[in-house]
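A single chain comes next, written as structure tokens; it is the form predicted on its own.
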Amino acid sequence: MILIIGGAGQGKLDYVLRKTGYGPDQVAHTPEEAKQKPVFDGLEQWPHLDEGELLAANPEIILICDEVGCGVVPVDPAQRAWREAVGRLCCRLAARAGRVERVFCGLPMTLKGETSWN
């Protein structure tokens, strides 16, 4: 499994599609689709995802998640809880991932794994 993180609008999906040669039709946007497709974009919308079940069904998946823990802390307790849940999910996934990259301004930074991808 590969985990790609970065801020909204930073080019994460474009980077993955360019590196893999996959097309938009091969990108999942729900956990159910992610069991069948090679890329799952929008992981931050599913902070209570059962990652064990997903990875058992699709161990080679590329997961893309917006970073949501930076910036101003929300006043709303539900928003704070969501941000914390997403952060904890990413920590668990990063521990299991063979590769973790952060994409900023379309440029990748390897956080875990070999320095070259593909």
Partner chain sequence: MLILVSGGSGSGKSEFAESLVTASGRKNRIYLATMRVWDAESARRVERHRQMRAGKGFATVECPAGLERRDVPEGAAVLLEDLSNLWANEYFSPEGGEGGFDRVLAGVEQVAARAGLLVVVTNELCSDGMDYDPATLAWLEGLAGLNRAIAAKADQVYEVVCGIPVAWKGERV
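If you're wondering where the values come from, they're calculated on a predicted model, not measured in any experiment. Residue numbers count along the first chain shown, from 1.
What comes next is about the form predicted together with the partner chain, which does not appear here.
- Mapping the unseen interface onto this chain, His48 falls outside it, with no heavy atom inside 4.5 Å of the partner chain in the predicted complex.
- At the 4.5 Å threshold, heavy atoms of Lys19 stay clear of the partner chain in the predicted complex, well away from it.
- Taking the partner from elsewhere, Pro38 is found to have every heavy atom lying beyond 4.5 Å of the partner chain in the predicted complex.
- The partner chain in the predicted complex is not approached by Ala34, whose heavy atoms all lie more than 4.5 angstroms from it.
- Between 52 to 60, 38 to 46, 24 to 32, 73 to 81, the stretch whose residues reach within 4.5 angstroms of the partner chain in the predicted complex through a non-hydrogen atom is 73 to 81.
- Contacts between 13 to 47 and the partner chain, taken as any heavy atom within 4.5 Å in the predicted complex, involve no residue at all.
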